[in-house]
Ligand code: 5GP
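Form predicted alone, single chain, as structure tokens, below.
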Amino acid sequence: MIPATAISTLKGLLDRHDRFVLLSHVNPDGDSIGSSLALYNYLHDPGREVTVITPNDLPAFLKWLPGAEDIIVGKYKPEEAASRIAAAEVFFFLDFNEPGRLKKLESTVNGNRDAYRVLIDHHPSPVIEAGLVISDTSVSSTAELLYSVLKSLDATSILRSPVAVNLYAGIMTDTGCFRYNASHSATWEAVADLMRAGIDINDIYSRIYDNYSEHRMRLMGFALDKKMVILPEKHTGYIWLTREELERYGYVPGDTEGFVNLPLSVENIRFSALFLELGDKIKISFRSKGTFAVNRFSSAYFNGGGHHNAAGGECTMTMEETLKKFESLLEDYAHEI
């Protein structure tokens, strides 16, 4: 339930202001893009200037979503992004709560001290300072949280197809097609509401999950065959890919989406990780089943954080050193995994 005071504040902002910038985190995923575009389609009006800005490009399998053609990618259009940010009267931070996830856009956003800030997110321990914070870690996704916000603002808004399609895409992708973080009845009630808008859920699934490139599928095959390590006595599995291997398969952002979950399909594996050599760091994703809190593990050792069963982190050591550190840590957590 969204507090009535929050809805009242939002209504006031929408009535008083005309220039809105909706900000997504770096390496945007389905929840981030779905939430941003759902709000974009809700706010879009001839009398308003509404802009979605991402630090870098979104995955190709999300570019069909309604409104995606209007997204400004900061990496490709830095001057236009900076101009829209400087002119904004209201910022919406969607699906992230740490300013560092804006990367190079962070300083630009900080330069506009006059804009009102609204945070809508489902990750724990928000850091972003905002005039209005709508944060709930119990929901499946930011898209589900935004669904509740929009329904409270205007119950008919979620029945508009562009809004409903994007909200459903966000919920579906962040729950891994409802395999995790979807145990609350409220999630399914939200989905039922969105389906009443007449969206084609089979088409949405196909456009996202049956729309990968050939090189992405071959990279997955290579990762499973050559780069997946299973440690049965630790109930742990992980996949690691070097810069050279990613380049060999023509890697683009989004190609390894879901790879971290693959080891969890192995019998008795309850903790999985994905290590990618990107830039000058090792980017890490963690997933778990059950009670093992990967967000605490990531925060303690890999400068990261996230949810109880899904988190991310990074390491500045070499891949070999990072993997050695990871495996050595498993000794201390064997009783928890």
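Note that this is a predicted model, so its numbers are computed, not measured. Throughout, we count residues from 1 along the sequence that is shown.
Missing here is the form predicted in complex with guanosine-5'-monophosphate (5GP); even so, the following discussion is about that form.
- guanosine-5'-monophosphate (5GP) is not shown here, but in the model of the complex it comes within 4.5 Å of a heavy atom of G304.
- Interface membership of L62, defined by any non-hydrogen atom within 4.5 Å of guanosine-5'-monophosphate (5GP) in the model of the complex, is ruled out.
- Contact annotation for H123: at least one heavy atom lies within 4.5 Å of guanosine-5'-monophosphate (5GP) in the model of the complex.
- guanosine-5'-monophosphate (5GP) in the model of the complex is approached by E98, whose closest heavy atom lies within 4.5 angstroms of it.
- Scanning L278, A68, A310, V50 against guanosine-5'-monophosphate (5GP) in the model of the complex with a 4.5 Å heavy atom cut-off leaves one residue, A310.
- Interface residue among S288, N41, T54, S285 relative to guanosine-5'-monophosphate (5GP) in the model of the complex, by the heavy atom within 4.5 Å criterion: S285.
- For guanosine-5'-monophosphate (5GP) in the model of the complex, the listed stretch (135-143, 221-229, 98-106, 162-170) containing residues with heavy atoms inside 4.5 Å is 98-106.
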